[in-house]
Structure formats: structure tokens, C-alpha cells
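Before any questions on how it binds or moves, here is one chain, the form predicted on its own, in C-alpha cells.
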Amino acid sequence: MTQFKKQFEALLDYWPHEGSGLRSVRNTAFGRFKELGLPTKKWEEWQFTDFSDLKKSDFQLSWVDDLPNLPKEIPGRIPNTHLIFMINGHYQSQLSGLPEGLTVSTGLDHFNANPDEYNVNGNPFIALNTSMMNSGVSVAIENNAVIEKPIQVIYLMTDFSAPLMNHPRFNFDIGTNAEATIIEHYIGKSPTPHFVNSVSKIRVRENGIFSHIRLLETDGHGTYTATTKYQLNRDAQLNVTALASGGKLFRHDIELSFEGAGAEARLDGLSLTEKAQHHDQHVVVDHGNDACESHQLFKYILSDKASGVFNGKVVVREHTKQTNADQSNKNLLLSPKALMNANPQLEIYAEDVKCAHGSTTGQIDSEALFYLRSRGISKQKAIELIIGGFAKEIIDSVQNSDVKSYIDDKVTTWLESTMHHG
């Protein structure tokens, strides 16, 4: 806790003129973080994940001196997309080319316009983020705007020598009747430990259509915690595809609330873990309005001594009608030492509902393997084909062909390297 307190005080000194409103919110949030502390295994919602390593590294906030030379080629760049680029937390507006129909503002502008959105609940990582928000942007898509190409937000951590932390805050507001795709893309390329603790708030207004692609690609030295909150107004449509690969520890809390009737959401996720990596995802979908639909499919592929957690809850509120919700979690263990904890849950307080949930965890199907081997395919190739087939359902949920082929390449490369060292 001492290191966080020291960094918090350094941040207040670094930005002495940021305004009393924001200063007060930061102080309240840090007070809440001190009260809560980092989660321990005694906390029910956090019992399978060990955050004690966060206390061992002396993480420092990223200041302007931590801005390295810009790479000649930005890693992870997906063709035919508009770019918003941040490196070690620093927004590079000169590299960002954006279309008409949207505005991008920094955190301070968004805070001044929406101070009520910065309240803190019982999640210590939201409290920590709110107290130390030091990067991120707000993107607003105008009413009726149709943004043809995806907007790729790249958050790159690279080229620093001391353990670094950042607390980015993103706000994506999709206007009435608007349509857009945003790729929220975290990349970690550093042998030095780092900690990225992000909060993203997404509102899709009436009749808006939004595709949210969330990519985490990092080597084994980063700890990534994230909270993503979706609010869907009447008749809004949301399609989410999340791919997480690498990272020593990854914890993602996803909250989705239906705030108008007739909205629809699809959440698909694929987690790739190897060595001793640990991925933990908690999803709560809150059906508080009539005739809303939600579909969840989360898959994990775990190799070596990797471990995973999936905790998904669908809540259907009293007096709601015509709810349709399903939730599925499927896990593939590539090693006898890999471990998965899955807990899909339904909380239903209404009668007019159609709900289903389930979870399966297993190893590679020996019959499928035998069949492919009998067709003259090598064992390694056969295993790659089976795992590739398992991942395909998530990859195919992506509509945009450039984004889909990028994700497909990443999954294939991961499989090949895992199979070769496995």
C-alpha cells in the first residue's frame, strides 16, 4: 500500500492545477482504495486469483520522461482502420487520423462534462483507477453517424527500465442511430514488470449498433486488470469479441446493463494461456428491461501450468418480460497440470424468460485425433487443427475481415509456438 500512496502523492504534486472537482474525486477514491486494499483469496468474487505480486514490484506511474522514441512501425496495426495511439500512457494525437462524425477528448474534458460518472463502488481496482487516472481518451460518435472503418485504439507499453503502471480511463459513447466499431487493443512488449489497470465505460444510445473488439497481447511480464461497463439503451445492439493472450495475470470484470427495452448483446471471449499465466474473467449481465436478449460464449485454451477462472452471472429483474439469455463456457486443457474454475450462474426474478447456461471442461478428443492421424496428418498438425477448430467459433463472430484475419493470425501463431515448446 505504501508504494501506491507514494505514487498517488507524486501524481497530486505533478498536476497541481487540475481543478478542485477532480482533486476531490481522486482523494475520495484513494481513501476508498486504502479502506478496501487489494483483493485477497478470502473475498468470494476474487478467491481464485492471487494479487500479492502487485505488492512486490515498486510500480511507478508513467510521467512524460517515460515517453520512448516512437517506433518506426506501430505494432499490432490492423489495416484499413482509423488510429488512436498511446505509448506508455501518452496520447500521440499527431499520429491519430480520425474521420468526421466523432470527437476525441482527453480525460479532463470528459470529467468536467460528466463528473457524476466517476463514483466508486466496492471494486478496489476501480477505486485505484479513479484515484490515479493518468491516461486514456473519450470517443463520442455523433447521432446518426455511420463510421465505416473500425477505430483502433492501441495502448502500447514498451521500452521502459523501471516497473511502470498506468491507470487508463476510456469512455465510448455511441450516439442515437449511430454505427461504429472500436478496437481497444493493449500491447505489452517489455521484459520489465508493468501493471495496467483500465476502466472502460461504454454507452450505446437508442438504436445504436456497436462492435467492441478487445485485444490483449502481451508477453509474460505484465499484470493487466480491467473493468468494462456497458449500458444499452432502447433497441441498441452490441457485439463484443475479446481475445486475451499472454500476461502473467489478467483479471477482467465485465458488467452489462440493459437500460431500455428491445436491446440485444452478444459477448464472445477467447483466452489463451500458457506457462504459469492466469486469466480470470467475471461477467454480470443485468436484464432490467423487457424484450432484451443476451448471448455469451467464453472459451479458454490452457496449456502447461496455466490456470483460468470464468464466473458468469445473468440477472433477470422482477417484472421484466420476454427475456432471452444464454451463457456458455467451454474450456480446453492441453496439459494435465492446467487448471480451470468455472461458475456460470442465473438469478431469475421474473417468469416470462428463456434462459440457459452451461460449462464444459475437457481435453483433446482422442477420437477426433485418431481420425485425423488415420488420414496421414502428423500428431502435432492434428492437434493444431482440433484446437484451431475450437477457437474458430469465437474468431468467426468478428464481422470485419481485416480484424478477423488479424485475430486468426494471432491465434494460429500462438498455437504453433505452444505446440512447439509443449
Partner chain sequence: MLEIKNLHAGVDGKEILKGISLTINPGELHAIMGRNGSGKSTLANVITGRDQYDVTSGSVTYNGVDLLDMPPEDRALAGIFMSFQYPVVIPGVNNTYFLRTSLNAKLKHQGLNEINAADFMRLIREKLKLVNMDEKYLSRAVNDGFSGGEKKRNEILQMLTLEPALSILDETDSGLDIDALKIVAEGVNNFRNSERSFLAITHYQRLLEYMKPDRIHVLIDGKIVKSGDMTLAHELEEKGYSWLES
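If you're wondering where the values come from, they're calculated on a predicted model, not measured in any experiment. Positions refer to the first chain, counted from 1.
The form predicted in complex with its partner chain exists for this protein as well; it is not shown, and the discussion that follows is about that form.
Problem - Region of this chain that lies against its partner chain in the predicted complex, out of 376-384, 59-67, 25-33, 39-47 [heavy atom, 4.5 Å] - result: Looking at the other structure, the answer is 376-384.
Handout entry: Close approach of residue 51 to its partner chain in the predicted complex, 4.5 Å, heavy atom
Key = No, residue 51 sits far enough from its partner chain in the predicted complex that none of its heavy atoms falls within 4.5 Å.
Problem - 4.5 angstroms heavy atom contact with its partner chain in the predicted complex for residue 368 - result: It does: once its partner chain is placed as it appears in the predicted complex, residue 368 has a heavy atom within 4.5 Å of it.
Problem - in the predicted complex, residue 355 touching its partner chain (heavy atom, 4.5 Å) - result: Residue 355: no, not in contact with its partner chain in the predicted complex.
Practice task
Tell me, yes or no, whether residue 362 is in contact with its partner chain in the predicted complex, where a contact means a heavy atom of each within 4.5 Å.
Solution key: Residue 362 lies outside the contact set for its partner chain.
Practice task
Assess the spot marked by 74, 76 and 90: is its partner chain within 4.5 Å of a heavy atom from every one of these residues in the predicted complex?
Solution key: Answer is no for this spot.
Problem - Residues of 383-416 having any heavy atom within 4.5 Å of its partner chain in the predicted complex, listed in sequence order - result: Stretch hits, in order: 385, 386, 389, 390, 392.
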